[in-house]
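Quick setup: one chain, the form predicted on its own, written in structure tokens, and binding and motion questions come after.
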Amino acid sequence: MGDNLRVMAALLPQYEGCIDLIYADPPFFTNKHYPARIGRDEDSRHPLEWQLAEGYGDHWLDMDNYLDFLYPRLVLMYRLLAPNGTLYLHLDWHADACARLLLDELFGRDRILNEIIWTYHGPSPIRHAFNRKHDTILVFTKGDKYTFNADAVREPYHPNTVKTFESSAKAGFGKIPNLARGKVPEDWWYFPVVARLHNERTGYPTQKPESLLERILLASSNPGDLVADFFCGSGTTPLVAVRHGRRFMACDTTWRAVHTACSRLSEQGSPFNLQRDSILTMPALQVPIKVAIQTQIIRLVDPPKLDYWEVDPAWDGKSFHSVMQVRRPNRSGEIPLEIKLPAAPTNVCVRAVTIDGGLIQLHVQPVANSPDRL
């Protein structure tokens, strides 16, 4: 957790030239504020009724100010990329043309692999122009010997294409594709936005769909490769990386993003470390909370409305080792207030996050020879 400029600079001594794939989804220069949606089971058609909390801002004095922010971070990403590494830079019409010039300068104009268009549907308030319903993903490789797993991302041919080749021997001007194997996708991709994917929605603004990141990771990395996302937001990149056997690094500067990513990762059951830049402070809350301990059961008593909580049953007073976690359901339902540990705790520390993003940490020392404590 921290400013990715400082984080990437700190990684250089050990990881320069070592990261196989970097996906970057920075602010888009929209000059908007993006609140986080923290309500559950709300009517998507009535946004004025949504329960919201602080998300993040995308505000800049001008384009020069924005590029002054973006350029040094792209420089560090270039240095961290392995010789056969690939960078995917995800932007939209606000700044993609300017960013393309920066990448041409860093990588060389001949190193662009693709300009990918991610297209999607959705309502739009625009009435005096065509609806803006696509993002641009600029793909640059550091060298000639880059990873691209075509067979990992093949998709079925359209049924009309299959019918055409079945009905005419002259279809395709004599070139007959392997219809059973499928095709490599074009450089325009259709994936629904997360707003239409109820099982994925976390409420974090500008969250990207898992299918989008899955295609990127499968195409441009191999199992065991190191994947990085230094604008990780809701944590979709590390989540997909874990599912497909990739190692990952992820970073964001806001606590809500880090918390959202960690809560999603905890459900995968794979261990990970959370480190924080020493200059940042956590948004701790002094909220009274009661914890009941009964043998291996940890139970919260009348807590504030929570988004997530976790337990370290053998806290050393310094580093929090999360052994068990509970997360509020994405769509509806209440967060469970009880955790069963694999063994009796010795020195309990409970950490919880409220729906507003506040952090609560409480140390509870079990009483010797007593099964309960309130």
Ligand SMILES: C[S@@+](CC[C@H](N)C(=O)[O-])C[C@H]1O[C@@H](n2cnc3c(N)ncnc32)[C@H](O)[C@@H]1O
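Don't overthink the numbering: it's just position in the shown sequence, from 1. This one's a predicted model, so the numbers in the text were calculated from it and none came from an experiment.
One more form of this protein exists, namely the form predicted together with this ligand; it is left out here, but the text below deals with it.
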{"property": "In the model of the complex, the residue from 107, 191, 231, 146 that sits within 4.5 Å of this ligand by heavy atoms", "result": "231"}
{"property": "Segment assignment from 296-304, 157-165, 97-105, 252-260: heavy atom within 4.5 Å of this ligand in the model of the complex", "result": "252-260"}
{"property": "Contact test in the model of the complex: residue 248 vs this ligand, heavy atoms, 4.5 Å", "result": "no"}
{"property": "Partner proximity in the model of the complex: residue 207 to this ligand, non-hydrogen atom cutoff 4.5 Å", "result": "yes"}
{"property": "This ligand contact at residue 56 in the model of the complex, heavy atom, 4.5 Å", "result": "yes"}
{"property": "Residue 85, heavy atom within 4.5 angstroms of this ligand in the model of the complex", "result": "no"}
{"property": "Residues of 1-24 having any heavy atom within 4.5 Å of this ligand in the model of the complex, listed in sequence order", "result": "2, 3, 4, 23"}
